[in-house]
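First, one chain by itself in structure tokens, the form predicted alone.
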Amino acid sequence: MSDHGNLVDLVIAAASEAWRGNGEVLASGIGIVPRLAAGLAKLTHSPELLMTDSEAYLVEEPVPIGPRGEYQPKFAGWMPFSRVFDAVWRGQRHAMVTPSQIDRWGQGNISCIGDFRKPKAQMLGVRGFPGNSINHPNSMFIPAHGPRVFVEKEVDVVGSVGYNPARWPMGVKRDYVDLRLIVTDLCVMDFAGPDHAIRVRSLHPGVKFEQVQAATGFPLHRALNLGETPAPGAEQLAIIRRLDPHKLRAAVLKNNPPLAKAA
């Protein structure tokens, strides 16, 4: 990997911004990039974040991913799943997840592709998506931005709650739906368009807005101050490398070009 970092490092740094200013909440990064992003956030701009060892304990510092060798987590308290759920129901968690499909309303699918009664591909099932998405903030990471992920119509199975008014029965309270960032291999997006429409807020080096739109199955909004996603600094790169000593992140993005070359 490049001495100046690679595209995946820029994506991790951009994803870490999802937790900036969240306060004392449980930061849950599901997958290699989201987990590294949450750890980077805690060790830089948001030290107040709570993190677990992904097993049963709160930890003082993020645990490196992959084989731990002689590393011993610095335990700070007990955090079994029952207590995680307590944080979920109280809205004291911000998770970053990786849906297989996302639609224009931010609804996510991790269940199956195609007709639910006869799917083309069977995946995880909805698992904790419904309760998580309706109770606490959520962000998303997509490693391969394309129209098969950002689908033209509604996702094949609505596993997580979004801003589609047709899915909400009359009188149901929707105040707690809080979708924050979508970070992909092309750009950073949010839900700050009209009526929570998805908006492109920054482009990764060398990427054009038209390229992102062509890779998305629905119209995107463009931020008035649309700029380039900042590259990670030396301190951020050092932390990312320390949290990923086995370089597992290198295989997450296709090609994963060096940042100097991409710029």
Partner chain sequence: MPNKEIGAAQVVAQLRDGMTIGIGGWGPRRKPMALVREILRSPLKDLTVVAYGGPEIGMLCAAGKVKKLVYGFVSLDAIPVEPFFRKAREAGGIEVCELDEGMLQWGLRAAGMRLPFLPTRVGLGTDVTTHNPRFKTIKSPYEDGEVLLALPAIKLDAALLHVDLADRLGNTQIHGPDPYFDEHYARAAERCYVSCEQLTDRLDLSHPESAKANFFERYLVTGVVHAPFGAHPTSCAPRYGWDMEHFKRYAAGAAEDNGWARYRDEFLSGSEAEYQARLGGAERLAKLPLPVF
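This one's a predicted model, so the numbers in the text were calculated from it and none came from an experiment. Numbering follows the first chain given and starts at 1.
Keep in mind the form predicted together with the partner chain is missing from the figure; the text below concerns it.
Enquirer: Using a 4.5 Å cut on heavy atoms, which of L181, V157, A95, V151 is close to the partner chain in the model of the complex?
Expert: Filtering the options by heavy-atom distance leaves V157.
Enquirer: In the model of the complex, which of the listed residues (A76, A192, M123, A87) lies with a heavy atom within 4.5 Å of the partner chain?
Expert: For this set of options, the contacting one is M123.
Enquirer: With the partner chain left out here, work out from 53-61, 219-227, 192-200, 23-31 which stretch has heavy atoms within 4.5 Å of it in the model of the complex.
Expert: Among the candidates, contact is made by 53-61.
Enquirer: G66 versus the partner chain, in the model of the complex: is there a non-hydrogen atom within 4.5 Å?
Expert: Looking in the model of the complex, residue contacts with the partner chain include G66, since a heavy atom lies within 4.5 Å.
Enquirer: Is the gap between N135 and the partner chain in the model of the complex 4.5 Å or less for some heavy atom pair?
Expert: Close contact exists here: in the model of the complex, N135 approaches the partner chain to within 4.5 Å, heavy atoms only.
Enquirer: Applying a 4.5 Å heavy atom distance criterion, does G128 contact the partner chain in the model of the complex?
Expert: Taking the distances in the model of the complex, the answer for G128 is yes, it comes within 4.5 Å of the partner chain.
Enquirer: At 4.5 Å between heavy atoms, is S100 in contact with the partner chain in the model of the complex?
Expert: Taking the distances in the model of the complex, the answer for S100 is no, it never comes within 4.5 Å of the partner chain.
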